[in-house]
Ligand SMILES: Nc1ncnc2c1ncn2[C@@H]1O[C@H](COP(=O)(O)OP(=O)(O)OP(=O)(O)O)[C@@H](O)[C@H]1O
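Below you will find one chain, with nothing else, as structure tokens; this is the form predicted alone, and questions on how it binds or moves follow later.
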């Protein structure tokens, strides 16, 4: 143990206070006790404990009200809530208030000790991680997430709040918005970051194999099961399990999943032994959950068990201000991967990308920049390095931009230059098409572009 922590135990029942105090003291920590929320607040103001273990229901103010009082006074201790009357509503409320864990009495001593150790590990790293995260957020970056829009800043704040807890999280959003990246970020910022992050797509695996993948199987459980095999829950022990496309999980498996979430024990296919697992489950979906619930495709009790905390990812079309920083981020990565030094993206190419609605979201933008990095042989990405899906066809573009506003008295040479450059952009950089549209020869177009300084020395007639 690197350091001695200060623990505050809050419970109106003296035997419980003494038991928890002995347990924390036995782990080598300094412990103080309080019989009420009011007294606990005064002690916390004086001692600033690293960990507070509090009962939920007490005479006077409750454990949740104590948490609110602590926050109002700027005390950011890690908190474990205990209750003899567990409910989904109280668990959700506790999680939203930033509680690290929520335990229902009676609690096995071994489990309580494990939770205390993990909670104090979390408390030790909290200050350092918070400092790093604040700096990255200021720069528009949060782990592997990139974006400085208001929607992304709110997402960062919510991830920052839920990551340290053990709460299940449901991540919603369109395909390509980065649901798995968010799940990995939660894992990396949690006390479980030292364990495995295991991801499985419930829609991508045949139904007859999915149960074995998630829960494992014993030798001889079915044809082809020549050896026993552990499943995702066992692989993710003391780590995080990410269930993507949870709305497509078969009904029979949903029942078994719910049982594991409630009991913390998994039974392999064809087996009778129950194996204890300590796993945090994150789930994601890109379908309308309400439709799945109404049709009965998703069990309501499983939904409520997973939906302790929801993160809704905005589509890229709703955060266009993030396109430049995302595009540059991907371009730099793929440029280095391909051994190229690409400085940036031209204004014309960026204008095309910000006008595009990106139905494939961040995943599509990533693929577009990977393609551009491969094709680009200059120091910046130009419109013709983008796929035709991003840059409009000549007919479509000219149909929407068939006029050009020119101020009276503008020199003819400037008017000609503007018309040529606008037409070239409308033709997505294809000089042959642009020359044909303007009614001039390609040779003439090259000569004019050279005079405008818009021609690369390496370009040849095509």
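What you see is a predicted model, and the numbers here were worked out from it, not measured in a lab. Positions refer to the first chain, counted from 1.
Missing here is the form predicted in complex with the named molecule; even so, the following discussion is about that form.
Of the residues given (362, 241, 246, 306), 362 alone sits with a heavy atom within 4.5 Å of the named molecule in the model of the complex. Only one of 181, 302, 189, 269 lies close to the named molecule in the model of the complex, with a heavy atom inside 4.5 Å, and it is 181. Although the partner is absent here, residue 176 is a contact residue: one of its heavy atoms lies within 4.5 angstroms of the named molecule in the model of the complex. Not displayed here, the named molecule is kept clear of residue 170 by more than 4.5 Å at the level of heavy atoms in the model of the complex. A residue is said to contact a partner when one of its heavy atoms sits within 4.5 Å of a partner heavy atom; residue 326 meets this definition for the named molecule in the model of the complex. The named molecule is not drawn, but in the model of the complex it has no heavy atom within 4.5 Å of residue 332. The candidate stretches are 288-296, 335-343, 191-199, 145-153, and the one lying within 4.5 Å of the named molecule in the model of the complex by heavy atoms is 145-153.
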